[in-house]
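Next up: a single chain in structure tokens, the form predicted on its own.
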Amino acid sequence: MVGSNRNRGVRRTVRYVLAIALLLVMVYPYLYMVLNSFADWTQIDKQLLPTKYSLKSYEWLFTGGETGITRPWLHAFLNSVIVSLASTVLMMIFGVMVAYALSKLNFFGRNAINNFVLFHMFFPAIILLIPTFLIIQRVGLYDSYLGLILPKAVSLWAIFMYTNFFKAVPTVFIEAARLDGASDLKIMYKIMLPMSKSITTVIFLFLLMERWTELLWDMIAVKSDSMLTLNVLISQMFGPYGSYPGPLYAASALLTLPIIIMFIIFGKKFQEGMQFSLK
């Protein structure tokens, strides 16, 4: 009995040690970036944990420092917020509408469309980059908000996730609503969405994070400084700021800040949604 308790204690200790080690492996790169963004320039990339700190990196980020190159950081941040939120909301709306049709409506070609969604998810998005760019350019949306938003307005992953969730919703709720005279649109937004709050939080956060960190499309879809997003602006820093890693760390830390804030706000709902998606 004593040996059994000792074995359980050893196994528990090993699990805790492995969990802490895995946590450190995942968290340390981000912690390293944040600490070095505040580190004194004499210690940046010189040791694992800096011991002297200053705001010089953030000062250079907005003033240009010795380079004298100032960039529209605030405007780029607002562009990223506008583009990311608009794209994410559109992806959610289309995802709910298409998923409801594929899961709760009977029509010709439903299985074919469902299979197309699954099949298309296996293709890398980059193969459609050039055709999408040519279309945007020809219809006059190049270097505009619509040119940044519309090509990212549909997410097959969101459709897939919502479809699987809606299939699990008992049909009796749909039938009862139809007997009361509710339209499909009302059923979607009055019944299906309230029942899918947890999974909606997961989808929203993942889509927002994906769009917020988008770089390739944002680089080729705009040309003027007034339309630059934060990711593109940071990528342009590697030229004039290449020998100044501090401002690069500061810019990267600012880029991740909104995602962390969103996760803190919706963390509980996110965990509930992940528990459902893993069932």
Partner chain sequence: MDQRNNKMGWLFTSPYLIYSLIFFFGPLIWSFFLSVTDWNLIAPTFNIIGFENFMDALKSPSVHSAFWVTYKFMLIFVPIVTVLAIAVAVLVHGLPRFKSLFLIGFFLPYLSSGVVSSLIVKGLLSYTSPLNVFLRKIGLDIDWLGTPLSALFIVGLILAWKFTGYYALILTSGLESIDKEVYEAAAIDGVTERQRFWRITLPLLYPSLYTTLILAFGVTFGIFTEVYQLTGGGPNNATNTWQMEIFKQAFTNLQAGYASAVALLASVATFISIFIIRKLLEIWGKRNGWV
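Since we're looking at a predicted model, the values are computed, not measured. Think of the rigid core as the biggest set of C-alphas that the two forms share within 1.5 Å after superposition. Positions refer to the first chain, counted from 1.
The next section is about a form of this same protein that is not shown, the form predicted in complex with its partner chain.
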property: In the predicted complex, the one of Ile191, Val169, Val154, Ala86 near its partner chain [non-hydrogen atom within 4.5 angstroms]; result: Val154
property: Its partner chain: the contacting residue among Thr163, Thr132, Ser198, Ser144 in the predicted complex [heavy atom, 4.5 Å]; result: Thr132
property: Close approach of Met92 to its partner chain in the predicted complex, 4.5 Å, heavy atom; result: no
property: Glu59, heavy atom within 4.5 angstroms of its partner chain in the predicted complex; result: no
property: 4.5 Å heavy atom contact, Tyr32 to its partner chain in the predicted complex; result: yes
property: Contact label in the predicted complex: Phe206 to its partner chain, heavy atom within 4.5 Å; result: yes
property: Triplet Ile113, Phe119 and Arg178 all within 4.5 Å of its partner chain in the predicted complex via a heavy atom; result: yes
property: Core-aligned C-alpha movement of Leu85 between this form and the one not shown reaching 2 Å; result: no
property: Core-aligned CA displacement of Asn114 at least 2 Å between this form and the one not shown; result: yes
property: Rigid core fit then Val172 CA moved by 2 Å or more between this form and the one not shown; result: no
